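What follows is one chain in structure tokens, specifically the form predicted on its own.
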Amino acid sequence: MSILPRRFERIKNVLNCRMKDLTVLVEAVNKPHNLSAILRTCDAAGVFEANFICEKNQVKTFNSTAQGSQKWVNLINHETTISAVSELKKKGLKLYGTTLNDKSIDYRNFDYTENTCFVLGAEKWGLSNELISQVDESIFIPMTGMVQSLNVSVAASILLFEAIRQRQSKGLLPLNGEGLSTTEYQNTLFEWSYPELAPIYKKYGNKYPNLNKNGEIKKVVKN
């Protein structure tokens, strides 16, 4: 059964605004509620993929807070800090770690218009010393209350939407799929449009079929 044209148009409009050069890395945040809220913020901000450091298959985000966001944001699970940092830096991302120390700088003093990864830890413990030593910049969100920490999902929202504000003011937000490679865009478009069929194609190592302007699968004409 083909996707409805209206649904296909909605999917394209969302995918057109996705960015691969803006992401988060979350360490030791194990509460499904917080993970789900972060994922929902990533979806709202146009983040293409989110990164988590935890043991294999331990990322639990699929509760009502996510509101289905896990379908629209790729989750990348890293089992160690070293593997996470290595992979993200290979992608050219600059790591901004949220932590309070003598090197921390007000988050508003940085440029997040490209290659940005915000690194967040549990509000009770913060980032591990190992991860703090690996970030490019230590940042903090100024507060005037008795409590000097925010819920991690709230912090993620503040930081991501500051990046969005900066990019929008400079006309750098993608509007037509510029935030992804052509291959990533086309593959994701099919996976979002046909979530039941995509796993079958993957299982047998087959290339996804092309879609027409209405989202219908194009028929292959054999000579």
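Note that the structure is predicted; figures quoted are calculated from it, not measured. Residue numbers here begin at 1 and follow the sequence given.
There is another form of this protein, the form predicted together with S-adenosylmethionine (SAM), and it is not shown here; the text below is about that form.
- None of the heavy atoms of Asn77 is located within 4.5 Å of S-adenosylmethionine (SAM) in the predicted bound form.
- Although the partner is absent here, Phe140 is a contact residue: one of its heavy atoms lies within 4.5 angstroms of S-adenosylmethionine (SAM) in the predicted bound form.
- Though the partner is left out of this view, Asn115 does not reach within 4.5 Å of S-adenosylmethionine (SAM) in the predicted bound form, counting heavy atoms only.
- Among residues of the shown chain, Ile82 is not one whose heavy atoms approach S-adenosylmethionine (SAM) to within 4.5 Å in the predicted bound form.
- If you check S-adenosylmethionine (SAM) in the predicted bound form, you find a heavy atom from every one of Gly126, Gln148 and Val152 within 4.5 Å.
- Proximity to S-adenosylmethionine (SAM) in the predicted bound form, defined as a heavy atom within 4.5 Å, holds among Leu131, Leu93, Leu120, Val73 only for Leu120.
- Of all the residues from 88 to 102, those having a non-hydrogen atom no more than 4.5 Å from S-adenosylmethionine (SAM) in the predicted bound form are Thr98, Leu100.
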